[in-house]
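This document opens with one chain alone, in structure tokens, the form predicted on its own.
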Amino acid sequence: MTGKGDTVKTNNTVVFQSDFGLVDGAVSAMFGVANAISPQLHLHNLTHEIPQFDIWQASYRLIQTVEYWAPGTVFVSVVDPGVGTDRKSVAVLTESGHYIVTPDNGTLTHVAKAIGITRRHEIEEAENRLKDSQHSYTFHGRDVYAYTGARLAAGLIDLDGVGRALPAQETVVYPSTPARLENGIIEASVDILDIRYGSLWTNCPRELFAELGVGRGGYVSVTITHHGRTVYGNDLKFGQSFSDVNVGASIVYINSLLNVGLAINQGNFARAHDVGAGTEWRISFRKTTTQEIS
């Protein structure tokens, strides 16, 4: 498979993501490695507040962000509970012309499914590793990924210089069930939480939701289950923005990724109803005849 990314040059920009937090020097060390490769690199943060070891959330934050950066940008994503094991370290090129340097442990799930991956290369650590770091097995974010990502972004190597090519279609992805509409009911999953505000972001795209025929101000019957147990059920208003309902009221809306979301106006839906995210959190939508409640 080929895509426009095959001819995109890197652009001296590196965007970092990790579960390291900012309470110690780990992130700064990665920045230092990249800066030492080339002081001309533009170094940015996506986030370093991924919950520890949460590969699924790392995958989602990439799809939330990648396509808003210019083609040729290099992303370095390090959420790596298997550091030091035989999991592969890779650099990939997406259909959109972006590069991602990461452990191949499921971090690329959403990108692979939503954008597509054209090339995938295994990092050859004998060539692409920080000098004199070969006896360290627990900080590949600094020693392998930041180092390789910076060299790639600076144009010192290309993907062939990263290491041997691997089949793009064998990228490690988590299994998931796409949203579907059947007999007037949409079955979907709660993909992720909008962490700061507690909104639920589902994997139901706007186009599929539109097939229910619910207009702005209409109502939707919402049911949320976890491992088959119902944890929430109610009829909610479908609105354009949070202010379409009173403060403290819940709403169904289309989020910034053009998927269906649930929120409480100036509240926290996830906390209020003890709802989490992931493939085991299922949600259904059905058009109702509920009228506006005064």
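All residue numbers refer to positions in the sequence shown, first residue = 1. Keep in mind that this is a model prediction, so the values were computed, not measured.
The next section is about a form of this same protein that is not shown, the form predicted together with another copy of the chain.
- Residues of just one listed stretch (67 to 75, 101 to 109, 180 to 188, 158 to 166) have heavy atoms within 4.5 Å of another copy of the chain in the model of the complex: 67 to 75.
- Shown here without its partner, the chain carries V92, S96 and W281, none of which come within 4.5 Å of another copy of the chain in the model of the complex through any heavy atom.
- Interface membership of P39, defined by any non-hydrogen atom within 4.5 Å of another copy of the chain in the model of the complex, is confirmed.
- Although the partner is absent from this view, Y174 stays clear of another copy of the chain in the model of the complex, with no non-hydrogen atom inside 4.5 angstroms.
- Another copy of the chain is not shown here, but in the model of the complex it comes within 4.5 Å of a heavy atom of E49.
- Of the heavy atoms in R61, some are within 4.5 Å of another copy of the chain in the model of the complex.
- The single contact residue among W56, Y232, F269, F31, judged by any heavy atom lying within 4.5 Å of another copy of the chain in the model of the complex, is F31.
- With contact defined as any non-hydrogen atom lying within 4.5 angstroms of another copy of the chain in the model of the complex, the contacting residues in 185 to 207 are D194, I195, R196, Y197, R206, given in sequence order.
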